[in-house]
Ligand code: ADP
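Read the single chain below, which is given as structure tokens and is the form predicted on its own.
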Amino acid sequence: MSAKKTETSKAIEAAPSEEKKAAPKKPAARKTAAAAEKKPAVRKPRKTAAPAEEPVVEAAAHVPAEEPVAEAPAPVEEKPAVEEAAPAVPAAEEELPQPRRSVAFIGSECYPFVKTGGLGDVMYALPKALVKQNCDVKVILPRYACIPLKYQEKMVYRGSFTMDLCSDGRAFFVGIMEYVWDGVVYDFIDNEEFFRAGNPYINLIDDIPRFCFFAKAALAALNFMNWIPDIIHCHDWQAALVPLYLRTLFANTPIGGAKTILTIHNLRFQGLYSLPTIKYWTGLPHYLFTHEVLKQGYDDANMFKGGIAYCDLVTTVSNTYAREIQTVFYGENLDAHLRYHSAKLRGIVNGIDVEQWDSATDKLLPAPYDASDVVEKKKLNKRALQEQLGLEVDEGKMVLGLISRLTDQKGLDLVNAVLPQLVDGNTQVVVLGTGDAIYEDAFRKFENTYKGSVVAYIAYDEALAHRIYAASDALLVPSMFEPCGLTQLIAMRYGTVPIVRETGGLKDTVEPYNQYTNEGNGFTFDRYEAGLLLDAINRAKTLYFTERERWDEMVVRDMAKDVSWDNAAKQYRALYLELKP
């Protein structure tokens, strides 16, 4: 440890509260940390890089794990955070699973603050379900500028410090803003230099430094607040450096005894970039930049690869995907690494928020319904959707919905290949989503060619998505790969029969219909071929038009299927207890 950092550590031990006074001066328009403490509900000003001479919070200085490290700074005085909605009254203590476990979720997005995909849903819904499993949950997120003002205004200032980050000792401001909602505490890591952009993800050149900062700042913030969890649950590559920081630079700090789980939501995105850049921005020890941990290829480092190597357990969002990613086709160049670490690999299928997705209480539907009146009410919702979108109004037609990001992962080239054969006078197709221009343009062309039978709504409209789920008879999910998939779960919740390819979570959640036993809850195909997709759709259409009573029975079975987070939360709790008996 350098003499300069030794002096810094002593200063922190002697007077940890002085860190706020040492913050760099800003223009008068920005309020000071002290002012923010007096008015905690007011937005705390963001700060950027700290000058070299400023005291630095060495929550984990650049020293080997066995060398003593400076104590974490004393936490600021606790302040009650604003509750948007009072949490539900918990069950009696003896009714909750025992023992209690504390879990810190670390990830890059979370509904309703910021969401670009399924990760945002998981970061929101799983912590809520874990609270019911007697887990004390704190969610740590970046404080992006794009978070809606109505949430920003209710955040409470919890404190701030400066943290060394880069290999040359460069330090940055770390602010902590807190928000409590539905029994879950959300702590936002604040730094204007990293998170002032309008989107959570920009490009790898910008994203690599910001998520190196975020991973280390999340651990430093936990030490700073003196909130020491049993388990740190990290999500996707943006949080994959957390296990490496924890077992090296933070090993001798209060948080060093926590266990880590890294969840792979989509292995295609890995945080792969040049090794010198990641080595500089992480400040991690040199011995981590080997092929066994971070290094990939000749001169690259892979953040996901390092996290997989150093975490205690790896989970994916379905059992099938856990097996698939150990193969060359699905492994995204990490299949050998995952096979090596297969002993700590688990698969747990996601759920959905059954309060948000409930056809009986959905105010966005023209005609809400439950399993008792789904057959008649679906006809009303279908007519309303046909009128809204300019389709031929006929409740007797079969409506196929497709709600998706328009990318090659989602099997859209298969849909394009068979769509002309679907338009037979008895079938309508409704597409909702945005994505690659090649697919957007193709669906627009189909709409112009088959007016009244095909609609391509190239945008994302939350209300329209609800109406499509409710009005469609079947939902197409022919993905090339699908770690879990949420659309097929939502479809079943709304009595809409899924037609899926047998991959990832689609295979785990959709049981193929058996015409001989009248069992199953959807239609499936295995190989990634357009002809097999067409065959699955035709099997569904045959049952729909010729044996409607059996089709309606399948609709009711789908609505009765438990697609909530309760089962997944119990499995995650079991993993937490496995790591911390």
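One-based numbering along the sequence shown. These figures come from a predicted structure and were not determined experimentally.
Same protein, other form: the form predicted together with the named molecule, not shown, and the subject of what follows.
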*With the partner removed from view, which of 112-120, 302-310, 367-375, 180-188 is the stretch that lies within 4.5 Å of the named molecule in the predicted bound form, judged by heavy atom distances?*
112-120
*Note which of Leu149, Ile205, Ala336, Ala459 lies within 4.5 Å of the named molecule in the predicted bound form, where distance is taken over heavy atoms; exactly one does.*
Ala459
*asked:* Quick check on this chain: which one of Asn416, Gln409, Thr449, Asn319 has a heavy atom within 4.5 Å of the named molecule in the predicted bound form?
replied: Gln409
*asked:* I'd like to know if Gly433 sits close to the named molecule in the predicted bound form, meaning any non-hydrogen atom pair within 4.5 angstroms.
replied: yes
*in the predicted bound form, does Arg100 have a heavy atom within 4.5 Å of the named molecule?*
no
*Going by a heavy atom distance of 4.5 Å, is Thr509 a contact of the named molecule in the predicted bound form?*
no
_Non-hydrogen atom contact Arg405 with the named molecule in the predicted bound form at 4.5 angstroms_ = yes
*Can you tell me which residues in 479-500 come within 4.5 angstroms of the named molecule in the predicted bound form, by heavy atoms?*
Glu482, Gly485, Leu486, Thr487, Ile490
